[in-house]
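A single chain, nothing else alongside it, follows as structure tokens in the form predicted on its own.
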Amino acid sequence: MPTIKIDGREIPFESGDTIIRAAHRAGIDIPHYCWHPGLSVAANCRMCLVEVLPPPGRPAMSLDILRWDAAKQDYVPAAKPKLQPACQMACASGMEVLSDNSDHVSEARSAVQELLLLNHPVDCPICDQAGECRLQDYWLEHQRKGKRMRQEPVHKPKAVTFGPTIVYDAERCIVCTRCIRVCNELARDPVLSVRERGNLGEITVSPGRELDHNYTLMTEHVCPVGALTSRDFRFKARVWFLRSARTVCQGCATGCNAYLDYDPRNNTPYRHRPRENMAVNTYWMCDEGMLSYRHAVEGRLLTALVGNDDASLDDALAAAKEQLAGHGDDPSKVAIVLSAQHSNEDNFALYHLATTYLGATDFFVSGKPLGEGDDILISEDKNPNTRGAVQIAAATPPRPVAELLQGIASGHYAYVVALGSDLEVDAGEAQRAFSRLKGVVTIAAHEGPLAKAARVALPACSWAEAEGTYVNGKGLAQRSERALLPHGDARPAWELIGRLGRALGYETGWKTLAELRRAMPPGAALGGAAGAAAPAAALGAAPAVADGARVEPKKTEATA
């Protein structure tokens, strides 16, 4: 593989690479604002200027300038090398680049910083970007001095509503145009553009339009300086108080890799943001996925229910035992409902209880009904683990819940043990059908039609409160980390299923997640780095690709 040298370090590059892309891949940081690895090159911020040394025997390209001579107290003729934007300059074999080891580059970066901050308000204490702002970071790294301009800065519109999710502050904007390129290239909706030039430039929305496509929060997320802010997150938290967990988005079957940022002091999630995985979501997430973090704590089933009345876990387990009394007389009367909303671990625990102890042979899968998708990231399947749940029960292929209702209507089933709360069928019809049964027990994290129809409901942890493995629509098994402590009486669903089995008199062996995972088929649970995709051959899925993401408490280098 051909190589270039950056500050004396030799790094490889691929055909078509620019200097900054090759450096980024090698872990070398070249400061930048407008460049983003997932977008086209704009080369308008000039923060990534580097010095490219001439080939051996060739003179360096230089510019004639006037430089201030303090001794003479006058400007004198001088020359400096012509610097190049690393985001635009293509790599060539044997190229030698000076980034941090060039006084000319250091001087240029300091000057760019001073220019960008001439009219920028120094409102860091109230700015929503404080703590993860490139202007702050690069001022410390490349400038560390005040601006020389004494005139009143240019004032521009503030708190402009761009649409239902985004607010724009033109005074903070450095017109890097990342937001415009996200709209054009990712969302394919060219709704943003630049108005005016120079220090009068600002971002505008097309006349008669709002910023309202499915990737508006991604448009805000790439803003490096806090000009665009999310109406959902702004002024709710300071990022230095937040911690991050590597999770898998629960919005649909795409399984986008994400960071869930939460405040451990109040056990509250504040935002979802994309985590780079080139095999799944590259650098992006959709609005629905980025806002799905709310589902970790909203609409929850926080206490056990017996006949829709609150109960302790012990009382609910005793009631479940009564509900399922007689199930052993005829195991064919027992129907098991797996959940496309729950992890492989939860589904395997229920499948193991059903096949090993209850003797059940009929399995069904519940989940959210299909919705709208697109050809970018959004899947029509609004469940994160449909494929995983189906693969767990591959030996006894699960069927749609609609067939369960038909079986109940024909008198084939007397008992249902279910996981999850969502149903893709009519809730009223399901409730009427379940009311004919002798016993209905569900383990659910959220309120919903299935939890409402159950005679006994046990409160399970949400996806953010328990580790779990999810298989996306392409067959990649990915692990999601726990972020929050369980709310209310919630416990991991696999733990509740184990306790239910013991309440029924069975020696369900798993009492810890590690014990459960050891009992699972190879590939169905991941024990490595969170978010890493595992070979899913054991699940009958396509080979998976590993993910090299890392945890950071704020916006990542690649996506911020």
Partner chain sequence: MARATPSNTWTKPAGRPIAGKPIPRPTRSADVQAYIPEMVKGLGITMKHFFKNTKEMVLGQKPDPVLNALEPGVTTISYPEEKRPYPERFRGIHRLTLREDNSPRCVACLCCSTACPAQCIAIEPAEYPDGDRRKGYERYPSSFVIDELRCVFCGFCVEACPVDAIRMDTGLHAVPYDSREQFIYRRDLLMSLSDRSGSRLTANTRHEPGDPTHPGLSRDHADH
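In this text, all values refer to a predicted model and were calculated from it rather than measured experimentally. Numbering follows the first chain given and starts at 1.
Not on display, but discussed next: the form predicted in complex with its partner chain.
Heavy atoms within 4.5 Å of its partner chain in the predicted complex map, among the stretches 446-454, 426-434, 87-95, 119-127, onto 119-127 alone. For residue 108, no non-hydrogen atom is located within 4.5 Å of its partner chain in the predicted complex, even though that partner is not displayed. Looking at residue 139, you'd find every heavy atom of it more than 4.5 angstroms from its partner chain in the predicted complex. For the chain shown alone, residue 147 is not a contact residue for its partner chain in the predicted complex, no non-hydrogen atom being within 4.5 angstroms. Its partner chain in the predicted complex comes within 4.5 Å of no heavy atom belonging to residue 243. Among 157, 328, 299, 411, the residue placing a heavy atom within 4.5 Å of its partner chain in the predicted complex is 157. This chain appears without its partner; in the predicted complex, the one residue of 238, 209, 188, 82 with a heavy atom within 4.5 Å of its partner chain is 238.
Heavy atoms closer than or equal to 4.5 Å to its partner chain in the predicted complex belong, across 453-470, to no residue whatsoever.
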